Every structure is written in C-alpha cells, then in structure tokens.
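Just the one chain here, the form predicted alone, laid out as structure tokens.
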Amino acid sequence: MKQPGHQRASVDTLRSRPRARVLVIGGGINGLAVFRDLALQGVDVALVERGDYCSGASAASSHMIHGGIRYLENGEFRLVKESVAERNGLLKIAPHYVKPLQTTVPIFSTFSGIVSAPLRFLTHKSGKPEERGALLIKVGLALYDSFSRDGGSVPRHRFLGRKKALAALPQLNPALKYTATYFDASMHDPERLALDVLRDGLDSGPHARAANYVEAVGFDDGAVRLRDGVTGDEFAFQADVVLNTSGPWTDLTNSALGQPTSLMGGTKGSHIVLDNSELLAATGGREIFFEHEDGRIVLIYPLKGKVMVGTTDIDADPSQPAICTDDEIDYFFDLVKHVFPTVPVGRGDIVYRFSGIRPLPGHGDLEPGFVSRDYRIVPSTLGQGTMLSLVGGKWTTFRALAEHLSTETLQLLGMPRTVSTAGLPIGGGAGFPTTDAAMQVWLTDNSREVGRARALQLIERYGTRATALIEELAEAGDDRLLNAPDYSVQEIVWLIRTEHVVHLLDLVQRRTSIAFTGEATHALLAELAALLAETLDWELGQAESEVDTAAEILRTVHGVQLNSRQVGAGA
C-alpha cells in the first residue's frame, strides 16, 4: 500500500533514529499530554499509537470537563479538588474548545437518599437503588462550591422550586419538586483538543516524534518491537523508559511486551446523538444531569445542534469492540421520557452512537459507579530499563496527570523540570480572544481574504491556528465541498497534510464533526476519499476501498445508515 505522505514521514523519523530516552505507547489524551509535557522539557521522546490519535477511550467521552460532584460520595476529595482546579485551568488555557456549561439537575424528592447515601459512602455498595433527594444534593453542591469557585469566578449553585423551574424549562417533568443548577465545562471537540496537545509537543523540536497506526507488538533483545499498521513492517525501537498509557488496553500492551499484568477493569459507557429539534429546544441550551432510577448518573446534553444522551456503566472486556447496544438505547429513551415526558423521541432521531471502555482499575465485586476515577502509576522493569504503566485517568485531569507522570519519568532520567504546563496555553488557545471586543479585533484582522463569517467559523473550529489556515486559503482558494459546504476543499487538504491523516475515517470522525452530527453520506465519503487519494498519492482502488470500510464501520459500530442524504441512524 503506497502512502508517502506526512504520516509515513513520521514513521520514517522513528525508523531512521530507532531510539529515544522515552517511548510513550498510547496516543489517547493522557499519552499525548505526557508526550507534550516531556517534549516541552526537551526530552528525547517518541510516541506511538496503534490506531489514530484519540480514537479509543478518549474518543468516547461525554464531552465534559467536570469536577466530578459524584466523586464526593466516593470520598475522592483529592480527585474532586484536582478536577475542579484543572477544569478552571482549562477554561483559561484551552478557551477555544473548553467553555462554561450550565448544568441543571431535576429533583423529584426532598429527603430521599439521606440514609442510603452514607451507607454507600462507607461500603461502596449500591444496594437498592434510591434517588438522591434535594437535601442530599444541596449538601453535595454546597461542598462542591467550596472546591469549585476559583475565587468566585464560577457562580454558586442555585435551587429553584417547581414553579420557577418549570417556568425556566417548561417541558421538564411536572412531577419534579426542585431543580439545582451549577456550572461545569463543555468540551465540544475532544479529538481536536487532543490534536492540539500533540501539535504542541511536535512543535517543540525534532527531539519529539510521534506516529499513529504504529503498534507495540513485542519486546526482544532490549528493544520494543513496533509494527507499522499501514505496511505491516516491523522494526525495533529502544528507550530508557517506556510509558504504557494505552488506557483500557494497558494489560494487553504489557502482555505483548512480555510483562503480563492484571491492572485494569474498565466499564463500558455508551452515548447516542439525536437530531430532534423539540428535545434540543427543551434543554434550553443547558446540560440536564440526572440520576436514573438505577442510581446511574446520566445526561442530556445539547451539542453541535444535536442532543447527546449518555451514559451507561457496564463491565466490559477491552479485547472486544465496544458497541452501543439496543438495550442501552432503550435505557436512554426511558431516561428522556422521564425527564421530558412530552417530547417524542425514536430510533429514527439517532444520527450517531458510540461506545468506549473507561480505563478504570480492576474492581472485583465493587459496583461500577463506585470504582475510583483517580489514577496511579505502576512501575516495573523492562529489559535494562523501566516501564511505568498508567492506571486510570480522565479527560478533566489530563494536564495534571501528565505533569505527575512526566515528573516521575524525569526523575528516572536524572533530568530537571524546566517548564510548567500549568497556565500554559494549548494549541489554538494561545492568544484566543476571550472577550467580544478582542474577538472583533481578531475578525477584522483575519477576515479580509475569507470574509467575516468564514473567519468566525474557522476560529471557532481551530482556535488561533485558524490564522495559518486563512493565510493558506488566501493563496490557494476556499472552494466549498459539494457535499459538505461548511468545509472547503483546501481546508480538508490542509488537515490531511498537517494532522497525520491516514484513513478516511480519521477525517470523518476526528478531524471534523461530520460523523458525529450525522452529515456523512456516500457522496461525501467519495468526495473526501478523492482528496485523500490525490494528496497522499494512493494507489488505484484504495479510495473506493476506504469508502467501503468507512461505510461499514459507521453502519456496524455507530448505527449510521448511509444514504445519498443522511436521514437518521439505526432503526
């Protein structure tokens, strides 16, 4: 398979210099963040990811950056304190992708849970499901405020009685007694934020190298054996320290390296994306955060003009694909009916569904909802060097986690920390205009060639990285795609050239929102594949094969029924 583009060049940088001080295995958000942190210290570091960047557990998130109010019940106060500090920090260092999120909790009782909650706190067993009432939620939110307010910049929570609650959100279940509203943060484009983290690391210099579609498949003669997932070729790579950040697949990676472990015990979380204008309007632009009758915390979340509903918490086998099942969809519809009983929803509204496995530690008979979301680092010997395996971790704490893991790595290497990532802008968050006045100045400076509306669209999509794209569009043109006019031919080519795109699905699912929002059609896949073929010099027939593969995965894994025009997914 011929593919001499930028992606294969990145593999060549590993082949031509098959050694680094540190090798990071796993390109989810935590692996990418520790890669960035080490690269910024000047460490000779390489990263490999067996699939595309941010295509595993990190791609199956609830699109939230949150402090984890639920973790208070687990007694994980350290994690809550760190999470809210990191949430507040990400609002400042990644303002292009992380935004304040108003969250409302409908409450149907006053005193429910005040007996069972302390028992759950002490035993971590769910027992008979019992909904948390207003008193318990009030105590939790008051405690959450004490962790969360960032010197007062985050508003305190608010309680409303039934009358005022229904006046604000009239389609909520009239059986409610109260609502509680507080602020967390949304992350509308997790994959794009992850790519910005990667770009920061790569931009630090040639000492930082990364390649997707490269898998660690063995350990021989003091070197990790890597396999190029495009060509199938294998080659040896040496490192003083190996960091296993492969998430739910940590045990599988360790086994491949001849170091079998039993560290992980992840659970599956699924989501559906609905194209339902009535449900979208009913949310009032807020996330609705709700405890279902089984005690599971679930959400109804307006996002990109659609509504995402999630999530489940089911024990899962990381060696098997995670797929959102029909039973889970029924569960979500029951949830929506309970919160918004007059809003009709059906399978024809689903434009996308997705599922992933959380990188949680093994938990025996502990209920999934009580498994710690905190992280730990497990050291071991690998040949003459050291391996550190990451267990746990969540999107919200990726920067702090990376700082912790990279600090331990620097100690092993005998190197000092020279750069702190606390407060350091990420990617297109650098110089991002955070006031209306600043945004108007930016738009004036960047709209001459592409127009004001297009400049606004691009800065919302890429942050201040849009400036480089606009400069390119000014020379190359900005011809809209026939089947997705929100994007242009030149914009897609820029993504292919600069963001390690290897397969069609990399574009459809992670470099753009096309799949998530239900915009994928056969015609669009063919149009994008033609651009890939031309840019990456694909062999004859590869574009057609990529379209077939993408269509099959979208259908079988994500419930998308591709037609000439997309009309819904998964009856």
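Because the structure is a prediction, the values reported are computed rather than measured. Sequential numbering from 1, following the sequence displayed.
One more form of this protein, predicted together with a small molecule, exists but is not displayed; see below.
Please pick, from Thr103, Ser186, Ser389, Thr253, the one residue with any non-hydrogen atom lying within 4.5 angstroms of the small molecule in the model of the complex. If I apply the 4.5 Å criterion carefully, the residue I get is Thr253.
Residue (of Gly201, Pro248, Gly427, Pro302) lying close to the small molecule in the model of the complex, criterion heavy atoms within 4.5 Å: Only one listed residue qualifies here, and that residue is Pro248.
Does the trio Ile25, His66 and Gly269 actually contact the small molecule in the model of the complex, every residue with a heavy atom within 4.5 Å? Answer is yes for this spot.
Proximity of Ser61 to the small molecule in the model of the complex, heavy atoms at 4.5 Å: Ser61: yes, in contact with the small molecule in the model of the complex.
Consider Gly51 of the chain shown here, and say whether it contacts the small molecule in the model of the complex, taking contact as heavy atoms within 4.5 Å. Judged by the heavy-atom cut-off of 4.5 Å, Gly51 is in contact with the small molecule in the model of the complex.
At 4.5 Å between heavy atoms, is Gly518 in contact with the small molecule in the model of the complex? Outside the cut-off, so no.
With the partner left out of view, is Val351 within 4.5 angstroms of the small molecule in the model of the complex by any non-hydrogen atom? No, Val351 sits far enough from the small molecule in the model of the complex that none of its heavy atoms falls within 4.5 Å.
Pick from 518-526, 533-541, 504-512, 26-34: which stretch has a heavy atom within 4.5 Å of the small molecule in the model of the complex? Only one stretch qualifies here: 26-34.
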